[in-house]
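The form predicted on its own is given below as one chain in structure tokens.
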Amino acid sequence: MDIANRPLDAQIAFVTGASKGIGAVIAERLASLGATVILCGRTAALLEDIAKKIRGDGGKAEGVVCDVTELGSVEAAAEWVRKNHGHIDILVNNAGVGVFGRPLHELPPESWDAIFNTNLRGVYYCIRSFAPMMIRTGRGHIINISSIASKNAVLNGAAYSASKWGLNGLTYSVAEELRGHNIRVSVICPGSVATEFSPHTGKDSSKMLDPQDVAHAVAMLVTQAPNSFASEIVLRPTQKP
């Protein structure tokens, strides 16, 4: 592949929730553009499966076991990246969980905590740990994967929706904090995506977004012209599933 098709050569990308679904596909797309991709997840074997696939396709990938809900785990991953690669160019906060099917007043507190610890606290931990590296080099992209649930009401999914509304607000504010350092912080809000995570039981998956559609949006963000800053992408299926 020629250099014109590898605009991310020499760049280091860290993708959370990269062992399956949208995260794995994002990692594959970034590697195809030339980035060295660090796959973050909680299960080493799953990470290695994705890393092997990427390497088999000619890309560069490594797996790092990391639980984004634990600050020490995220800090250790960031230190590993610093020691082994020296810098970070792209951070994709993709890890997310959801609990659906019951109204908020019936949701156990531990489910609320699990959702917010991953979807919001985990993003804070990653930005806290990786942004200083980007500030030192004076460049970077932080992309937070939110949801259309951050825009639309979700029946029996209030906690998930609230976590994604919060993620959007966090993104907008951090974008202002970091833009002076030449770091672009963006959020992608996909509609229904055909993955094992999808809560849309009984809907037509052929009409849903494909994980590749989200990866395409990520690729667009990290290959923008230097003076361009797309701060938010709302990604909807052409037809309602």
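Residue numbers run from 1 along the displayed sequence. Just so it is clear, the structure is predicted and the values come from calculations on it, not from any experiment.
We do not show the form predicted in complex with a small molecule, though everything after this point is about it.
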The listed residue (A61, I183, V68, V187) that reaches within 4.5 Å of the small molecule in the predicted bound form by any heavy atom is V68
Candidate from S146, S161, S129, T171 lying within 4.5 Å of the small molecule in the predicted bound form - any heavy atom: S146
Select, from the options 88-96, 135-143, 75-83, 102-110, the stretch whose residues sit within 4.5 angstroms of the small molecule in the predicted bound form by heavy atom distance. 88-96
Can you tell me whether Q11 touches the small molecule? I mean in the predicted bound form, with a 4.5 angstroms heavy atom cut-off. no
Against the small molecule in the predicted bound form, would T43 count as a contact residue? Criterion: heavy atoms within 4.5 Å. yes
Does any heavy atom of V193 come within 4.5 Å of a heavy atom of the small molecule in the predicted bound form? yes
Whether V222 contacts the small molecule in the predicted bound form should be assessed with a 4.5 Å heavy atom distance threshold; does it? no
